[in-house]
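Before any questions on how it binds or moves, here is one chain, the form predicted alone, in C-alpha cells.
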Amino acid sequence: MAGVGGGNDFQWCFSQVKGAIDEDVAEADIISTVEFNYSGELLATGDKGGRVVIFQREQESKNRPLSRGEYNVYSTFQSHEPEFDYLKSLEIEEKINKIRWLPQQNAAHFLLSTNDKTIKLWKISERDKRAEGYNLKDEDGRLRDPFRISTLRVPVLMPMDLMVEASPRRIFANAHTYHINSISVNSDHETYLSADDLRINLWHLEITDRSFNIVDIKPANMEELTEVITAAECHPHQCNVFVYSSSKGTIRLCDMRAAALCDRHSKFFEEPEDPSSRSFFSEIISSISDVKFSHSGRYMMTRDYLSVKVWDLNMENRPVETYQVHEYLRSKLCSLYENDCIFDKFECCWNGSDSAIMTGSYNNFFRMFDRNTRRDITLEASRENSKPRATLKPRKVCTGGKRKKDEISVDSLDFNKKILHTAWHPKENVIAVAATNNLYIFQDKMN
C-alpha cells in the first residue's frame, strides 16, 4: 500500500460527501462515530440523535471498470432513544459514542452500538422473498373461517423488493455507573469489553444479564481520584490482552491470564515529561483521547491533544515514533482552554498495512503520516473541492512572519469545524472523514 501523498506517491481525490449543506446544523445530525466493517464493504456512522446509518459499497460497473463503487445508504435505524435515570435525576443522551462491527459469519451483519449507558447488538439482514398462499389467512392478511377451507395449499416463496431490516438481538444494560467511552470486540469473537471513566467490563455476546468487572480504578474516597480511563481496546490476535489509556497520558497493558481482576497491569507505557516544557496545560494536553492497536498487533498508537505516538509493545519507556499534529496551537492553548476546545477528543486510525496513520484537526483539516518515509500531509474536508475525482491540495498553516499565497494563518482557523472521527478502509486507500454533519469519502487517484 502506498504512502500518504506527495512526492512520487499517489494523490488523494474527492469521492463523495453525505449530509445536508445547511449552514444551521441540527445538533442531532452531528456525526459522533465512523467505522468500516472488516471487509470495508459497509461503512457505519452514528450521530448525536441516536441514529445509525449504514452505507454499502456498490459493485463496480462494467461500463466503468476502473471506477470503484460508491457508498450508498443501505440501512438507517434508530439505535438509542433519550432516557432518564430517575434514581440519579440524570438525562441519558441518545448520542452514539461508538460502533464496532463483528466479523461476518453468515449472510447477516452484526454490530455493537453504545450510548453513555447501554450497549446494543444489532442484526442487519436482507429479505427479498415473501411467503404467499397461506391456508388460514387471505392475501390481505385477514383470518379465514377454518370450516370453509376445503383444500390445503402449500405456501410458496415469491420475490419481492429488497428490504434491509435492523433488529436488536441483545441489550447489555445496567453495568456502567459512569459514561461508556469505549467498546472493543475481542479476537475470540465471543466476548467484548466496555469501558467507562473508572471501570472496564468484559461481556459475552450471548449473555446480557451479567458481565465481569476486569478493571476498577475507583478509589474508596472519590476526593482521591487523580485519573480516569479514556479509552480501551482488545489486542487484535491475543484474546487475553487488552490496553487502556488514562487522562494522565499513560497506557496500561493487561493480561487476563494473570488474574481475574486486572488492576495490576503487565506493562506500563509512559513517556517521561520534559520539565522545561511544563506548563499549566501540560496535564490536560497529555490526556490520551484514543488508543488503537496496529493490525499486526506489534504496535499501538495513542492520540493526545497535540500529537500522535506509536509505541512498540516491547518497549515501555518511550514511543518509537512521535508525530506532531498541530504544534502551531501550542501558543493558543490559553484561548483553547477558555472555549473548551482543549478538551476535544480526537481519534486516530491505521491504514490496512500499518504503514500510515490518520487523525483529525481543526478547520476541517485532517493529517496523514507515512511511517516509512516520515512524510506528512495536511488535507481539508471541504465542499469547495467536491467535484468528482478532484485532487485534494495539501494545506499549510502559517505560524508567523510573511504568509505565502496558499497558506492559512493560524489566527483564521475555525475551531468550530473539527475532524474528530476518521476511518480507513481495511484493505484499500479509501478513507471516511466526519466533519460535523457531513461524511466525506476520499480515495487515491487511480490513473
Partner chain sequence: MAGAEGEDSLYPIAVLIDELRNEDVQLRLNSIKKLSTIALALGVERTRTELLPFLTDTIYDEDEVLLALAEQLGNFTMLVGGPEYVHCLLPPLESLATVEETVVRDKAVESLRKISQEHSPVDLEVHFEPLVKRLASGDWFTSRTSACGLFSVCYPRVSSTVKAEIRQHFRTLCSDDTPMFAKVLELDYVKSDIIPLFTALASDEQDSVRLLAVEACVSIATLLPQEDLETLVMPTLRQAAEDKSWRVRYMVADKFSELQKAVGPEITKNDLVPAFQNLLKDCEAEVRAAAANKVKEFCENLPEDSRENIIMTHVLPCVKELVSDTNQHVKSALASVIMGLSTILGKDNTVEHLLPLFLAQLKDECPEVRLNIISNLDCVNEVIGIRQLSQSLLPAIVELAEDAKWRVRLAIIEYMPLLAGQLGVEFFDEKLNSLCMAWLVDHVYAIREAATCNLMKLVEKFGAEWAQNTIVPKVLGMANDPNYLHRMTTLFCINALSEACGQEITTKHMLPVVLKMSNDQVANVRFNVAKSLQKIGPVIDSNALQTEVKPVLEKLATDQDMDVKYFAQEAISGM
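Remember, it's a predicted structure, so these values are computed and weren't measured experimentally. Positions refer to the first chain, counted from 1.
Another form, the form predicted together with its partner chain, is not on view; read the next lines as being about it.
Note on contacts: among 267, 179, 123, 295, the single residue with a heavy atom within 4.5 Å of its partner chain in the predicted bound form is 123. For the candidate set 188, 273, 338, 81, a heavy atom within 4.5 Å of its partner chain in the predicted bound form is found for exactly one residue, namely 188. Put simply, residue 150 is close to its partner chain in the predicted bound form: some heavy atom of it is within 4.5 Å. Its partner chain is not drawn, but in the predicted bound form it has a heavy atom within 4.5 Å of residue 206. Contact check for residue 313: no non-hydrogen atom falls within 4.5 Å of its partner chain in the predicted bound form. Its partner chain in the predicted bound form comes within 4.5 Å of a heavy atom belonging to residue 155. If you check its partner chain in the predicted bound form, you find no heavy atom from any of 324, 332 and 352 within 4.5 Å. Stretch 259-267 is the contacting one of 82-90, 259-267, 338-346, 300-308, since its residues have non-hydrogen atoms within 4.5 Å of its partner chain in the predicted bound form. Contacts between 83-119 and its partner chain, taken as any heavy atom within 4.5 Å in the predicted bound form, involve 104, 105, 106, 107, 110.
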